[in-house]
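Next comes just one chain, in structure tokens: the form predicted on its own.
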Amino acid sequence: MKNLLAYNTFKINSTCDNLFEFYDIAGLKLLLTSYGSGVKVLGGGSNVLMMTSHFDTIFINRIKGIQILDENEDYCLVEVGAGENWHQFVMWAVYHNLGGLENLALIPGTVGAAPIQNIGAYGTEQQSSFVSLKALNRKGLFTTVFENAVCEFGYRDSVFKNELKDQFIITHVTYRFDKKPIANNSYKDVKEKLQSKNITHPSIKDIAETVIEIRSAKLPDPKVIGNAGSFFKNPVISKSAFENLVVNFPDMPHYLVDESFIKIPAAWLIDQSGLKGYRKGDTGTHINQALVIVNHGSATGEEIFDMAMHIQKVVFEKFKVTIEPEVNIW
């Protein structure tokens, strides 16, 4: 029996009977043939809440490698193994002055999880640089290539969280990088931090370093205290619903999604509900970032989930807005 404490950033003390790592597609096929298609697959374990105390079998994706597929004077196509560390891959691109993903520096997890969640931060989503991915069908054991449009990317969403959930295992992802990058400093926090450092014409290296500074200051280190980063997605509501809300909450921060919808920061909703730094037992919200639920010690997955549902209930009672988990619940 294997303890999973070191394999999930929430530091949940779950266990499993069989824990296997795979390093290539052949190894993955062999494992699926031996243990069936319904097994759980972990990457970095940074976006998972294990509510189950014991699992039968878990696979860990260790497929590595960074390969340039094509390039010219303007762009570079790079294929990367799904088991590569996301932040290290972003910094590899920054080191080679390849632009597109630098605003996503320091996001924990592996490359394979990025398109599933369509990760995003500080004015950028991975879909803007995403070209395609290769994924192995769990039952048929054949590889399929999914182009950008087929992935149905949305806000922290993709086809792999919906109709294709648990049907494929991502093995490789291809991104298109700009070789003449233009730094994206449109996000307010990034712009203000750059101004404080008197950087008026930032490079992508400046952007990555600034994002790392901001994230390090705002978000707790999972090595120090168990967490999975932002637990909830920022809710998107209709413009009419927002107009009704802002009558009673005129200071509510918001971002225009399009002419019909508004995005509201979930952290602000939680904070205004009096739950920033709230604690019950060994779980609660982080004292500096209300969007992050933390494990102060030996909280179980059920206790953390109950905390999340309590937060969701209190926010809805105050604002009539539902905040939904971004974290995958196992």
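From a predicted model like this one, the values you see are computed outputs, not experimental measurements. Quick note: we count residues from 1 along the sequence shown, nothing fancier.
Although it is not shown, the form predicted together with flavin-adenine dinucleotide is what the next lines describe.
Engineer: Given that flavin-adenine dinucleotide is left out here, which of L275, L31, V41, I262 has a heavy atom within 4.5 Å of it in the model of the complex?
Structural biologist: Result of the distance check: V41.
Engineer: Which listed residue (M91, L194, I237, I119) meets the criterion of a heavy atom within 4.5 Å of flavin-adenine dinucleotide in the model of the complex?
Structural biologist: If I apply the 4.5 Å criterion carefully, the residue I get is I119.
Engineer: Using heavy atoms and a 4.5 Å limit, would one call G109 a contact residue for flavin-adenine dinucleotide in the model of the complex?
Structural biologist: Because a heavy atom of G109 falls inside 4.5 Å of flavin-adenine dinucleotide in the model of the complex, the answer is yes.
Engineer: Wondering, does P181 line up within 4.5 Å of flavin-adenine dinucleotide in the model of the complex on heavy atoms?
Structural biologist: Flag for P181 set to no.
Engineer: Is V48 near flavin-adenine dinucleotide? Define near as a heavy atom within 4.5 Å, in the model of the complex.
Structural biologist: V48 belongs to the contact set for flavin-adenine dinucleotide.
Engineer: Is F168 part of the interface with flavin-adenine dinucleotide in the model of the complex - any heavy atom within 4.5 Å?
Structural biologist: Although flavin-adenine dinucleotide is absent here, F168 would touch it in the model of the complex, with heavy atoms inside 4.5 Å.
Engineer: Using a 4.5 Å heavy atom cut-off, which stretch among 72-80, 91-99, 213-221, 145-153 contacts flavin-adenine dinucleotide in the model of the complex?
Structural biologist: Contact criterion met by 213-221 only.
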